[in-house]
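What follows is a single chain, given as structure tokens, in the form predicted alone.
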């Protein structure tokens, strides 16, 4: 567009700015990154105003990472507080329409990069801010006035972050007393399909969006003001399984939006047809077969989990709109749901959390399991995790005992003695083949003893050798 120093188009969605092509990085895992939308009175907004608090683009050093916060104020006759998170989630879309500017994640996990090429065409974030606001008002006409403030000064970003987290917490609390069975419809969101084409994000009262930014009330508000937009109603249909959270309506939309890749999604299951994972999820869960438990790692955690894998690696394996048994992306607020992975044991199946995440969600972890869940301070590998769980008598330890008893029973059953009756002996002239591990038996028969063996025989043919005449 002629008014801006860079091109603007949906074709740039999904564009990645790699490290070698990056001028600066904003927020992300090495710093702080925030985006927040606030409804305000029309008179309090200076339309299209861009304010920069801290170093502007021209003051930044190439290759460096800077703290970043974007606070948008919106006004209009139809604008209300319920629309804040809906508008906020579209920040991801509209920033990625700008050539050479990459935006990932949401809320307090924002990660952006500006390419060298785009930085060479402008010396300030001002035209970038104007471009994003132009897109908002074009795509969402209920926004009549808008202004934005960009913060790049550490202390100011920290201040904005503290205030924003309280706002996010209040938003999330609205669904506390509302559950899946209390409503007739769920909501879907396709905002991440530019990065994850087969992702099907289903938002129900008991399951927040994977990015954590859209709850059931937000989905309802968005579908109301923008019926053709990325958030839309999903008819629940028939309840097929209350424990796993399987509904015919969800299965129908899963098949449609994934282009037939998946034909069912169970909202509260970790292993059986789990929810798809996009890439914007706040937390990823991973199965640890050595202890038959589930660990969770959040985006902020920079260390390794007990299986030797970090968040970024697991996110790469899990994301992209895939449905992978043993891995699951979720929004942080799903931990607060009474239906949290209820099909697979709920909190009694959780064995490991990073300390930063455990502290964040402390109030929702059941008291009787809290001290039995390890962190990186208790377990750094499988051996130390197993020792910790055993010492704390975690509920999963009972499954180990049951598995050991089952294995012993199988070993006993596998000690099979086969005695051949004289009446069943082959006719004269038949030569018995040599058989390894064969011990003699009494009574003229043959005894075969198999220990720890699993034998599968599709077909056995025993024939008599004919003598030549």
Partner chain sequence: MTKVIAITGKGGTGKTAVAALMIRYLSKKGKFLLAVDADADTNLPETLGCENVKTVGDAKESLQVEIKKPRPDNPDMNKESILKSKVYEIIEEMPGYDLLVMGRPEGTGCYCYVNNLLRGIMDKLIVNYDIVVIDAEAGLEHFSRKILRDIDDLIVVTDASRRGFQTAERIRELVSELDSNVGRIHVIANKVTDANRQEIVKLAGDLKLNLIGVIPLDPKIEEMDIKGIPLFEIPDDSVAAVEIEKIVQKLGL
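Residue numbers count along the first chain shown, from 1. Since we're looking at a predicted model, the values are computed, not measured.
We do not show the form predicted in complex with the partner chain, though everything after this point is about it.
Engineer: Since only the chain is shown here, I'm wondering whether residue 231 would be in contact with the partner chain in the predicted complex (any heavy atom pair within 4.5 Å).
Structural biologist: Yes.
Engineer: Since only the chain is shown here, I'm wondering whether residue 220 would be in contact with the partner chain in the predicted complex (any heavy atom pair within 4.5 Å).
Structural biologist: Yes - in the predicted complex, heavy atoms of residue 220 and the partner chain come within 4.5 Å of each other.
Engineer: May I ask you to check whether residue 363 falls inside a 4.5 Å heavy atom distance of the partner chain in the predicted complex?
Structural biologist: Yes, residue 363 sits close enough to the partner chain in the predicted complex that at least one of its heavy atoms falls within 4.5 Å.
Engineer: Answer for residue 175 alone: is it within 4.5 Å of the partner chain in the predicted complex, judged on heavy atom distances?
Structural biologist: Yes, residue 175 is a contact residue.
Engineer: In the predicted complex, which of the stretches 385 to 393, 67 to 75, 241 to 249, 276 to 284 has residues with heavy atoms within 4.5 Å of the partner chain?
Structural biologist: It is the stretch 276 to 284.
Engineer: For the spot marked by 29, 191 and 213, is every residue within 4.5 Å of the partner chain in the predicted complex through some heavy atom?
Structural biologist: Yes, because 29, 191 and 213 each have a heavy atom that approaches the partner chain to within 4.5 Å in the predicted complex.
Engineer: Of the options 102, 254, 341, 294, which one has a non-hydrogen atom that comes within 4.5 Å of the partner chain in the predicted complex?
Structural biologist: By the 4.5 Å heavy-atom cutoff, the listed residue in contact is 102.
Engineer: Let me know the one among 92, 264, 358, 145 whose heavy atoms come within 4.5 Å of the partner chain in the predicted complex, would you?
Structural biologist: None of the other options qualify; the answer is 92.
Engineer: So which residues in 96 to 117, when you check the partner chain in the predicted complex, have a heavy atom no farther than 4.5 Å from it?
Structural biologist: The stretch 96 to 117, when checked against the partner chain in the predicted complex, contributes 96, 102, 104, 105, 106, 107, 111, 113 at the 4.5 Å heavy-atom cut-off.
Engineer: Given a change of 3 Å or more, say if the Cα atoms of residue 354 and residue 27 sit closer or farther in the predicted complex than in this form.
Structural biologist: Compared with the form shown here, the C-alpha atoms of residue 354 and residue 27 sit farther apart in the predicted complex, by 3 Å or more.
Engineer: Between residue 181 and residue 88, do the C-alpha atoms lie closer or farther in the predicted complex than in the shown form, with a difference of 3 angstroms or more?
Structural biologist: Closer: residue 181 and residue 88 approach by 3 Å or more in the predicted complex.
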